[in-house]
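Shown next are two forms of a single protein chain, provided one at a time as structure tokens under the names structure 1 and structure 2.
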Structure 1
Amino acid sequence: MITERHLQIFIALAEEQHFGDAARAVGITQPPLSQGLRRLEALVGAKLFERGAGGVALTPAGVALLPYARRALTSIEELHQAAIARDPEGPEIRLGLAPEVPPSAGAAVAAACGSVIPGSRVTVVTAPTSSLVNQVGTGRLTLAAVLHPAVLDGLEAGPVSLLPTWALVPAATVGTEVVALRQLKGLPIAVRPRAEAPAARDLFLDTLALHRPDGGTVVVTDERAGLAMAAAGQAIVVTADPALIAPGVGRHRLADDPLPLRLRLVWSRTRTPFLRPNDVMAQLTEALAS
């Protein structure tokens, strides 16, 4: 069956005439773009492009099919818009939040969804970044606030918001309100599993190693577990949540903010046309950053 993604790949390659440029236009890497093209050519039973040293060019069959592909993709987008416009209950916005998103930031984005999209119904789930990206891509979620960087597999993405972080350390460990990472010695930094957000976690660990080459890390299931370990004198937590605190745990700003929480909103360019207007996404992004 010819899918929406097949049409996007065909049209992008016809317009860009280059595999790398077309992959960037669709928002995927080159291997899945090539695979998608081969599948489309098998489905239509014709070769659509001729490969050359400088790029690709449409075959006669490709030239003949291109206007049909454009109309089909436009019809799919109009179908999405018509379904939303005629829903008597208004559009349902299924919002996903990475566990690292502070509750106040998540609440602000959810509230903004309800206010900038009239009549919308907002539901919220929490899941790791890797899961959220997949759910947005398959249409199970409308948009999500995820860690940056992440492989987005063709999704649209808003600007990166940087949220300041604090170090939560066992009480009396540090005597100043602001502390440098190099001063935090003797205890590991609590981190969540890498599989939840591989690219973002690697960036965090690389930055940590640069500023604090000794001390190591310890894997925890969530920030509450990390906070408990800090209270027990066993770990240090880096968090953007201004409300995360416990008896026996000191809260300190990190000098020069070397480990900000990097967040961005992601959504599908075709599955959620009501999110496209610039003013809508600008307000949602502002809510995330606030």
Structure 2
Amino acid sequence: MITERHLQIFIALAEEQHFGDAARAVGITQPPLSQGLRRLEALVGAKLFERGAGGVALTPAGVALLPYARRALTSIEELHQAAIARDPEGPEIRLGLAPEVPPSAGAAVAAACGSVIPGSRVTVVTAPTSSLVNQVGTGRLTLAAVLHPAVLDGLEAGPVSLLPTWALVPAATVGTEVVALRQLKGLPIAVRPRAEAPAARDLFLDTLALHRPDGGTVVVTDERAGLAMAAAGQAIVVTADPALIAPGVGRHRLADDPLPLRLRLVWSRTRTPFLRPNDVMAQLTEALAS
């Protein structure tokens, strides 16, 4: 019996022309991919691919049968989508947001989940990147917007979105609207605990140290605390939140945007069949960066 997996292997190999890449595209390892191909070739009674020097190429039989495989797989995907749409409960999407994600961006992703996946119910939690990656890996979350770079260990991840950041500085510290990082002297920069996202935090601190050798940092629990310290004249906050402001605090663009907020959507391929159509993730990524 020809299965959905056989069709996925056939199409992925035709598109990638490479066993490793095709296995990755299907979300399996190479041995089951090769095995699946052999089984499919036995079932259709024809060799579909030739192994060449640089990779694999379709045989004439493969070329002739590929359009039928594509149509069959499209029909199966439509069946899945129709089933999801008919389910009165709809799929549940548990979305995780890193605390650094600006509220408006998090809201845009959640709203996009609702509109891109018809009938879905969206629930949202906020947690540090390391915790979110863990929760997506174990299936407690469907997808999450996390800091980049982070150790993802087998999770699927979308492209890196760069969000510009502003410096929130006690009023009257600097005059100009755009400031260079090295001009922000004398006050520590508020940062969240390193353990929440060691790689991303180290990249932030290393970049900071390159541009601004003195001034130091102060660890805060969240942006609310950082903003309050800025208002009290005690710290500088670097934020991607376009709306974060308080009396007595000035907002400044950083020249050349040296400290962008790097965000990525992560999800588990094996646990989220309804996220498979590629345009779903593209639309969610767009919502994150808009």
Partner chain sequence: MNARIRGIFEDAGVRGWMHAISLDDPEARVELDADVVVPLASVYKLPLLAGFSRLVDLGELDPREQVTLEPSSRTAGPTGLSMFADPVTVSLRDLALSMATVSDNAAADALLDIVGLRRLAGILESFGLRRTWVRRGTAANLRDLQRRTGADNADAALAVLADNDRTDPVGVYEAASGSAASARDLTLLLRRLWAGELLSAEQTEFVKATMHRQIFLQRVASGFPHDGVRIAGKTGTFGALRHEAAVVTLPDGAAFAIAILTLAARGDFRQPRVEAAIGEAARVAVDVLR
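Here, a residue number simply tells you its place in the sequence of structure 1, counted from 1. Being a predicted model, the structure only gives us computed values, none of them experimental. Rigid core: the largest C-alpha set superposing within 1.5 Å between the two forms.
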**Study point:** Structure identified as the form predicted in complex with the partner chain
**Key:** 2
**Study point:** C-alpha of P260 off by 2 Å or more between structures 1 and 2 on rigid core
**Key:** no
Check your understanding: For A72, is the C-alpha shift between structures 1 and 2 2 Å or more after core superposition?
Key -> yes
Revision key, fill the gap. Using a rigid core superposition, the C-alpha offset of E15 between structures 1 and 2 in Å is 17.0
